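Here are two versions of the same chain, shown separately as structure tokens and labelled structure 1 and structure 2.
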Structure 1
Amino acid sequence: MAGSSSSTAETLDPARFRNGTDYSRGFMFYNGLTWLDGNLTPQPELATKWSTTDGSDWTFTLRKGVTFHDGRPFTSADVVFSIKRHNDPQTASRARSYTSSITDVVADGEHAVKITLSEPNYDLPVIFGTFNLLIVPADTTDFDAGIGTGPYKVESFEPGVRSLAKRNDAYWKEGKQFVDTIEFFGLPEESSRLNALRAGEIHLTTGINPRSSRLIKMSKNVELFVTKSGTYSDVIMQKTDPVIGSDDFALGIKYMLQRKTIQSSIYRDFASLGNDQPIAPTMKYYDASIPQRAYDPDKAKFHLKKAGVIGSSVPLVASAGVGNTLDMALIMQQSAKEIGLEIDVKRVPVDGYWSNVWMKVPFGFGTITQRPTADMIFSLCYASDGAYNSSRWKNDKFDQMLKAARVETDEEKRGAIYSDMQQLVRDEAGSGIPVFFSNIDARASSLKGLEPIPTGNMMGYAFAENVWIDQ
């Protein structure tokens, strides 16, 4: 099995997992309290059931008879430790933004925990199904041994080189773990990954560019595995900039996006059309009744003229290493030229992009991977204080609706609020979302058992216990 990245920064500490390579290993060695199925609904895993009265006070009942790889029994102390460590700055957890509302976690006997939140959140079981919140044994300080409750045990792990996993014979789940060992290494070169797959040296690989899909379809014994997702690259127009920040500029650019061209020529139709709001058609609460914005040069020109930029030149920052955003920038440059706007595409290297360019330049690109719930994506990217509010959009009405939806227990009312929020973001926020692209993997035809889960590639990276090889 070959992942698409390789770095000495790879880790077996769930709190520091940062890419598909880490996530894939995570689901080999650990379990979460819940797991997210193909509809992103949380299902029982290490927690057998959960309940809440008001969304703030939660009780999770834990599975009995589960042991860690080193033989220790799994108890509530492990859950308390695994959750609490995310809120300790020393852990440098990447899940901090999800867990910051957790004020307390206490054991309720050996096999139950009580969790208190500072504000109601009915999505808590979903959060516990995400990569960074996998459960580790209490008081772990060195994570390189990868001691968890998961289907495979660490045989060897060398960051940036490879990991070897062996079946955990004491696993609590029945009818899983079909393969004996899983060797996982990163191959950053896509052509190397495909060659290794075609030569029969690996069974599964990931991060396939849509351009390579034709080659794979022509190859014998190799097949595509496509997962529709809500991952997108957006054009960011920061509201704080005097020129870029005007409402007319944002609307003009949104009308100028040639979504169909981007969908077919960049993504070879492995993408669905976006409507400048982050809830993808595959996600719960997606409102299909909101009219799809289409390419309209006249309206684009009208708004851009009102924004006072026709005839002038605006810089747009793009990087060839960030998704396919450079190609998008070039398509935008062409359509802008036709209506009299000069877009000056500034190319920057991907190195240091996320810390120094993203969210710092007024007119640029970002990539947001699918989040499991509408609340997560809205709070992260569009709430006024959202950590990834890259267009610096502040809207009190939106913030109020976000809070109202979080505590709304009536599904229908909750859906209605989310519809209004989608409309609001589509019309007023400073981000253009042209398409949602699919996750593309490639597998040997003999490898079976993969089912799409939209949180990521290869079954939301949880392929390990689910795949088998047909002889």
Structure 2
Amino acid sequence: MAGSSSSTAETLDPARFRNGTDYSRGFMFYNGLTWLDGNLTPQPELATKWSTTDGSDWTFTLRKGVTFHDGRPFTSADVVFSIKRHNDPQTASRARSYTSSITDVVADGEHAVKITLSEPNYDLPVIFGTFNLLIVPADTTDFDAGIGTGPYKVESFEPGVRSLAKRNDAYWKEGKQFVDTIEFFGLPEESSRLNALRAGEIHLTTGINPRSSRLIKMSKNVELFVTKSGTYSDVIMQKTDPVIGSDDFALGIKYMLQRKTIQSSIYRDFASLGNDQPIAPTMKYYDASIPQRAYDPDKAKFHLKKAGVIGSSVPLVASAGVGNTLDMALIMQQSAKEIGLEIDVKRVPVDGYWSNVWMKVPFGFGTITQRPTADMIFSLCYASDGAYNSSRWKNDKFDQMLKAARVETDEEKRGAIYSDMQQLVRDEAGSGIPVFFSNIDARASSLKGLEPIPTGNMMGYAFAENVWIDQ
């Protein structure tokens, strides 16, 4: 398997997973309390059932007879430890936006836990099916061995280089893990990944540019694997920067985005139009009544002039290996030139992008895979304390609405709150979302078992225990 990125910051600590490379390895070595199916419905995994009467007090019954890779039995103590560590600042968990409302986790015997929330959240079983909430053994401090209950064991792991996973013969699931070993490494250049696939050197790769789809369809023994989703690459304009952070600069850039051109020339038939907010048309609570922001160079110039940047040059950082954001940057550069703004596109390599560039430059790009619920994507990327709040946008009204929607049990009222949140993000946040694009992978025709899961490439990154090779 060849991933599309590599970095020495790669980790086997689920709390610190930050991209598809980490997520893919996570599902090789660990399990969650639940797993999410193709409809993003939580299904039993290490938890066999769960219940709540008010959305605040939960009981999760745990599976018996499960062991970790080192032979230790899986018990409630492991769940208590795995959940509580996310709210410890020393953990630096990427899931803290999801778990901050958890006030207590206690064992109820060896095979049940009781979880208390500060406020109701009926999405809790969904949250426990995501990649950062995978379960580790109690008191783990060194994660390099990747000790979990998952389908594969760590044979070797070199961050930024490769990992080798070996089949866990004591795995508790039946009818899974059909291959003996999985070698996973990063190849940032798409051409290198596709050449390796066509040469039969790998079975699966990811991060395929839509422009390559026709060539892949013509290739012998190679096939596309496409997953429709709410994944997006956003233009990030950090609100803390004295120039980039002005409201007029953000609005000017949003009006300057040629969405239909980006959709047709970059993504071909693999994208739907975005409207500068993260709830995709395929997701629950999407509000189609919000007016679609159109390309308007006059409005763009008006706002950019108010921002004081017309006639000047602003740097925009992009990488050919981060989605298709370099192509997007070049389209933006041409649009800006026509209204008197020079965008200086700074090209950087994808190697190390997510640890050294993303969220660290005032004007750049990110890519966010679809989260299962509106609450999760808003909490992660737009809440004031969100781990992926890349534009540094802080809005008290938005934060209040986020909490109100989370505890609202009336579906109509909840939908109305999420609609207002979409409008607020569209108009005021420092991110431009031109399109939502499908996740495109390529596989050897002999590789079977893949099924779409919208939370990411390669079955929401959970391909490992599901695929086999048809000899």
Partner chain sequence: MIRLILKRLVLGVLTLWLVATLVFLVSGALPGDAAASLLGQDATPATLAALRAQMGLDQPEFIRYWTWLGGILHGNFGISLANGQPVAQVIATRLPNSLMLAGLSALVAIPVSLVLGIASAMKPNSVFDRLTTLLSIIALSTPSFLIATLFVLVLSVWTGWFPALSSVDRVHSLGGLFQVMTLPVLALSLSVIGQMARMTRAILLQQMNEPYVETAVLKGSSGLRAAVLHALPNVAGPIVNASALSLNALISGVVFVEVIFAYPGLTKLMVDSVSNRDLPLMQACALIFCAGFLILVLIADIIAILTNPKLRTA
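All residue numbers here follow the sequence of structure 1, with the first residue given the number 1. This is a predicted model, so every value here is computed, not measured. Under this definition, the rigid core comprises the largest set of C-alpha atoms superposing within 1.5 Å between the forms.
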Lone-chain pair; form predicted together with its partner chain identified as structure 1
* Is_shifted residue 128 between structure 1 and structure 2 (CA, 2 Å cut-off, rigid core) -> no
- Message: Would residue 419 count as moving between structure 1 and structure 2, using a Cα shift of 2 angstroms or more after superposing the core as the test?
- Response: yes
Per C-alpha superposition, the smaller rigid part rotates against the larger one between structure 1 and structure 2 by an angle in degrees of 24
Shift of the Cα of residue 381 between structure 1 and structure 2 with the rigid core overlaid, in Å, rounds to 5.3
